[in-house]
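Before any questions on how it binds or moves, here is one chain, the form predicted on its own, in structure tokens.
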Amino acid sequence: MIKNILGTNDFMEFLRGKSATFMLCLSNTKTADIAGITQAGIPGQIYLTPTLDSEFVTCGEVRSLENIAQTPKGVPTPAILTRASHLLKPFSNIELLNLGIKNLPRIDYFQTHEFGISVSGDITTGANIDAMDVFKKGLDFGQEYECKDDYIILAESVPSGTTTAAATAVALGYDCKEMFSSSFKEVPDDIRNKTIENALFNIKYEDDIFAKLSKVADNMLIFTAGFILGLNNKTKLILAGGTQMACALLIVNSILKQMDGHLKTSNLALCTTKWVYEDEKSDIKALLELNDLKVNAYYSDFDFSLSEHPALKLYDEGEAKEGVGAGACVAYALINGISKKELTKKIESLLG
């Protein structure tokens, strides 16, 4: 039920029966305010998406709004896949990383790591990030963090994050604008392309990596790159996501190339959903192959073929696809003995 994108299956097989810490990066970028750029949440309240996702994953309910976040088409947040996986095979720990959100989640007991990072700006006018500072905070956190479990599943909730990721990768010199996925089935290419074009217009020839990241990236991408380098292979780490996490790896790759550095990647992997892997309008495999780092990559072979719920069927039709670590969390459940049928029924039960 876990399929290879790159590398071998040894990494995931080794993790059977092992304990995991689930980390969720929460971040807002004002790029999400651009009309039509994202459907990852409630129109007019997209900024609440990371807040609601974190509340639902940890506590099984949303507290900052009356109802769980869903798109205008009625697609429920991928957090339902993550929550269902946790209910059937609980993570040993869930920790939240505040990487710049407007509204803090109303959560007690679960550890929230604070870094003093502000919401990033709209990339069309400049994200206005102190990229070196955010990167260093990720680096320091990775160096200092002591995992209580066998491995870390690192996920994200960043509305419009695939757009900022595409702009970032192109700004760093990778030919990959068409390789990034979207929460839409019908990708608003005209809006996305114009956004990326306007963002790249702000890049100057003399800008170094961090100057570029300050203008066109988002906090999650930069922090995650720092965290990967700070962790330095000491703990097994699954990047729980699709093309956004692949972009974080490209940032690592660019920094290492500039520094003439090296990173062991035997403890590093990426895991996403079947919907991202099979998406005809993006290419996660090609994106990963642009990287000089050799990282094992997987997707969970899970869909809603066993469900008749119309909202869940929208996933199989190409809506949403990934987020909140859905692919890696489903993989976590599957390698720990949870069946597709059990997982489907649990997800359905969360929708009432």
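Numbering starts at 1 and follows the sequence shown. Everything numeric in this text was worked out from a predicted model, so none of it was measured.
Separately, the form predicted together with another copy of the chain exists; it is not shown, and the next lines address it.
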query: Candidate from Asn202, Thr112, Asn267, Asn193 lying within 4.5 Å of another copy of the chain in the model of the complex - any heavy atom; finding: Asn267
query: Distance check, Leu343 to another copy of the chain in the model of the complex, heavy atom within 4.5 Å; finding: no
query: Non-hydrogen atom contact Lys212 with another copy of the chain in the model of the complex at 4.5 angstroms; finding: no
query: 4.5 Å heavy atom contact, Gln39 and another copy of the chain in the model of the complex; finding: no
query: Partner proximity in the model of the complex: Ile335 to another copy of the chain, non-hydrogen atom cutoff 4.5 Å; finding: yes
query: Another copy of the chain in the model of the complex: contacting segment from 194-202, 130-138, 259-267, 242-250, heavy atom within 4.5 Å; finding: 259-267
query: Candidate site Glu13, Gly17 and Asn296: all three near another copy of the chain in the model of the complex by heavy atom within 4.5 Å; finding: yes
